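A lone chain, given as structure tokens: the form predicted alone.
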């Protein structure tokens, strides 16, 4: 769901960059050493999942898995997803460097919100119940990302309103797919590596 260089107005680019830097700073403070391997894995998962994309106007359709990153990492999803976006922009030209901050904000903030809203639910109860809530969180993250992309385009001019609507509609199937993938990923993780969710589970007790 990368917005390309030149699609946004300067105020939106600057504002998005400042907000993204704040999120990255908060994320780095919330990333203990023992969580760095998980952050690396989730950053790589995002990088690979979004390599296959279909251009849609000033954006593109692809898997993101940002909901999964938010459920596991919380605010630390910001630096993890930023690294993936930076590598994609440098090596493959996805999105672009001038819109890197906006793309980071649009993808990472919904991830954090998914973690805040559904993280404890995904970590509590039976693994199956947690997987259901995780799936909802994964779908929510994609929906929220499409809304933020639409807002970014809308703030850059009325000419982008049709493109913003198109981005949301074309991502409806992606929401369902991401929900299923996130649910199964959390189900597997809770069974083979439950310590990933131990902190969240303790916080909800």
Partner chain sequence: MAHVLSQGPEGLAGHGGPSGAGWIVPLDPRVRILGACVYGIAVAALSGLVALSVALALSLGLLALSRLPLRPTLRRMAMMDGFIFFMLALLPFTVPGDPVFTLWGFAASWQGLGQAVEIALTANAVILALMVLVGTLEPVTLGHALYRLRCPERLVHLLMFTLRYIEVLREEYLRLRAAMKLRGFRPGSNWHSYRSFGYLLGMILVRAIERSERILEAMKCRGFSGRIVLLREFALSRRDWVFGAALLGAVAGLFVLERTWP
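Computed from a predicted model, the values in this text were never measured in an experiment. Positions refer to the first chain, counted from 1. Throughout, rigid core stands for the largest set of C-alpha atoms superposing within 1.5 Å between the two forms.
There is another form of this protein, the form predicted in complex with the partner chain, and it is not shown here; the text below is about that form.
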Just to be sure I understand the contacts: of 166, 148, 174, 136, which is the one whose heavy atoms reach within 4.5 angstroms of the partner chain in the predicted bound form?
166
Please tell me whether any heavy atom belonging to residue 189 falls inside 4.5 Å of a heavy atom of the partner chain, as the geometry stands in the predicted bound form.
yes
Since only the chain is shown here, I'm wondering whether residue 24 would be in contact with the partner chain in the predicted bound form (any heavy atom pair within 4.5 Å).
yes
Give a yes/no on whether residue 47 approaches the partner chain to within 4.5 Å in the predicted bound form, heavy atoms considered.
yes
Exercise: residue 19 in contact with the partner chain in the predicted bound form, heavy atom 4.5 Å:
no
Across 3-38, the residues having a non-hydrogen atom within 4.5 Å of the partner chain in the predicted bound form turn out to be 3, 4, 5, 6, 7, 24, 28, 29, 31, 32, 33, 34, 36, 37, 38
Taking the rigid core as the frame, does residue 47 move its C-alpha by 2 Å or more between this form and the one not shown?
yes
Please say whether, between this form and the one not shown, the C-alpha of residue 28 moves by 2 Å or more once the core is aligned.
no
Did residue 38 shift 2 Å or more between this form and the one not shown, C-alpha, core superposed
yes
